[in-house]
Structure formats: structure tokens, C-alpha cells
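Next comes just one chain, in C-alpha cells: the form predicted on its own.
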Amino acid sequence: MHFKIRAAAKEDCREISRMIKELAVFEKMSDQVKISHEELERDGFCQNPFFECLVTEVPEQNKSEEGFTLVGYALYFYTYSTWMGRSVYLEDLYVMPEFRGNGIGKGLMSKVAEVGKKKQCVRLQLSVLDWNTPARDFYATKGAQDLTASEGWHFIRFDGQSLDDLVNEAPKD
């Protein structure tokens, strides 16, 4: 199947938002999506964007059953390791179910890696749910390391009240 991977434009944010919701349904976490396409526009297409995004577009004749031509996306941002230097973090990699198996996911991930290497990133990082064995197996075939198993790293998160509590404990100037 023919497809094109390109940098997302501000006008794509409604479709990216749609796919974010589809991904959340797949991950059994649809109730956790709070972001709107307006927030994506604000945060990704401002002077200092918080993220970058690639989208996959198929020709009109290959559009989805619902009529969509944007059928996948990869949303990523840059981080920094005090041990290794520049890194790129792949937050989301999604391909609509009817388009899977055509190399789109591999293409998106490879393009993110290419963008990162051009910006002198030394690693690509991501997280995957423990039950998502097809994704874990896919990443492993590409040479990814599972740091939870090999190094014992755990992701830690502060949000909601715990984040507010932490902010309130910050020293006052």
C-alpha cells in the first residue's frame, strides 16, 4: 500500500486528536484522554513546541472505511540524559487497525529515529503497556531493550493532587 509520512501541520490536529482517542480505546484507557485538538494546536505549533508529530497519509482511493486519509501518527519530544545526552521520547505510535501490517508503524518509528539522529540524539525511548505483547515483540525485533527487565527501571508519575502537593512544598522565594 502506498503511504506518505510527513510532519504534522496545525490543521491535522483534529485528526491527531481522533487517533489519540482511538489509541486510548485500544489501550483500555479512553476515560483518561483529557486533551483537545485546540491544546494540541497550542502546544505543538507555538514558538517553542512541547512536541513534534509525524502523520501517515494514504491516497484518497485508499482512505479508511470512515473516509479518513490520515491513518497513523507518531508524537514525540526531546529529553536529556545526564549520562548520555540528547534523547528523543516516542510518546505515541498509532496506526488505525485496518492499515496495520503495511509497514506504516515501522515507517513512523524509523522516521522518528531519523529525526532524532539528525538532532544528534543518542537514543530513542518509549514505554509500552505490559499486556501489549504484539508491540513489545515488535520493538524487540527492532533491537529495543526492555529496561524494566534488564535494568529494573520503573516509570514514576506525579499528577493531580500529588503534583499539586509537590508544588505547594516548593521553597518560596
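The first residue of the shown sequence is 1; numbering continues from there. Values in this document were obtained by computation on a predicted structure and should not be read as measured data.
Below: the form predicted in complex with another copy of the chain, not depicted.
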Any chance 1, 13 and 98 all have a heavy atom within 4.5 Å of another copy of the chain in the model of the complex? no
Against another copy of the chain in the model of the complex, would residue 130 count as a contact residue? Criterion: heavy atoms within 4.5 Å. yes
Report whether the minimum heavy atom distance between residue 121 and another copy of the chain in the model of the complex is within 4.5 Å. yes
Residue 65 versus another copy of the chain, in the model of the complex: is there a non-hydrogen atom within 4.5 Å? no
Even though another copy of the chain is not shown here, does residue 9 get within 4.5 Å of it in the model of the complex, heavy atoms only? no
Select from 152 to 167 the residues with a non-hydrogen atom within 4.5 Å of another copy of the chain in the model of the complex and write them out in sequence order. 152, 153, 154, 155, 156, 157, 158, 159, 160, 162, 163, 164, 166, 167
